[in-house]
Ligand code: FCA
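So this first bit is one chain, no partners, the form predicted alone, shown in structure tokens.
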């Protein structure tokens, strides 16, 4: 990193400028994320900075947790003559407003993680790198099934059930839940034994609340299978279960993301978070920034859709896998 300068823009949006003092001909690219404190987005920025260092462009990192912050962030980029924007929006339905605002400044837009949609929920014609949500959901379900078999659990046993904190506002979230649920039911778990509850905030506290609701409604369950749209949902539900006396022997939780679940893997004793499907922030950070830079400088528009997959990590292999990925 050559130099970083912190500054504030309206509505408490934090941005970081990476690179040396901007030259007149230097390309500026913005990278907006919806939850800047989460490890996944921190890693996306980390790898985007690597792309900035490799290609010599100016990177502006902006955290925006609501629509007004997104629009203010784009105004900020426009004031800096930015030519491109990589964005994971806090609400995908902001898509038309984001494109309209970006068009005012002639800024190209590349969606990452969550696909931008119109008012009817239809994907917009914007290049997009996301996660194969349904397939990753199936990976989660299979990891749970495999571990249950190792423990000798019979998924048809009525004392075994699944708790799934959901985030139904996102299509990617719905697909993850669908994929995991289908694998579990195919393995013998009755669909009536999969209990969903909305994670209203998408974070660990939201998962905790969602888990508590399910636990209160179903006190007869002795063993829990836990999955969600991300690591945070699983970890929150597991914490709620641990507060009620469940433990690593009676919970099999598998999240999505990897970086947050690592907190549990590092603990001296196992928790109910058995594993996580690690998704690749390097591709989502470095590659999107690289493709945006080439779009700006060479006129090569990125592929319309790129979908990435994941790798199961557990306490046993997370250090090896994450070191290989440059995450440790």
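Numbering follows the first chain given and starts at 1. Computed from a prediction, not measured in an experiment: that's the story for all the values here.
A second form of this protein, the form predicted together with this ligand, is not displayed here; the remarks below concern that form.
Participant: Among 88, 126, 221, 145, which has at least one heavy atom within 4.5 Å of this ligand in the model of the complex?
Facilitator: Answer to the contact question: 88.
Participant: Flag residue 293 as yes or no: does it have a non-hydrogen atom within 4.5 angstroms of any non-hydrogen atom of this ligand in the model of the complex?
Facilitator: Answer no; every heavy atom of residue 293 is more than 4.5 Å from this ligand in the model of the complex.
Participant: Against this ligand in the model of the complex, would residue 199 count as a contact residue? Criterion: heavy atoms within 4.5 Å.
Facilitator: The answer is no: residue 199 has no heavy atom within 4.5 Å of this ligand.
Participant: Is residue 41 part of the interface with this ligand in the model of the complex - any heavy atom within 4.5 Å?
Facilitator: Although this ligand is absent here, residue 41 would touch it in the model of the complex, with heavy atoms inside 4.5 Å.
Participant: So, residue 60 and this ligand: in the model of the complex, are they within 4.5 Å at any heavy atom pair?
Facilitator: Answer no; every heavy atom of residue 60 is more than 4.5 Å from this ligand in the model of the complex.
Participant: Heavy atoms, 4.5 Å, this ligand in the model of the complex: which of 241-249, 182-190, 209-217, 112-120 makes the cut? Say which one.
Facilitator: Among the candidates, contact is made by 112-120.
Participant: At 4.5 Å by heavy atoms, is each residue in 34, 230 and 279 next to this ligand in the model of the complex?
Facilitator: Judged in the model of the complex, 34, 230 and 279 all sit within 4.5 Å of this ligand.
Participant: Counting only non-hydrogen atoms and a 4.5 Å cut-off, give the residues of 281-296 close to this ligand in the model of the complex.
Facilitator: Counting only heavy atoms within 4.5 Å of this ligand in the model of the complex, no residue of 281-296 makes contact.
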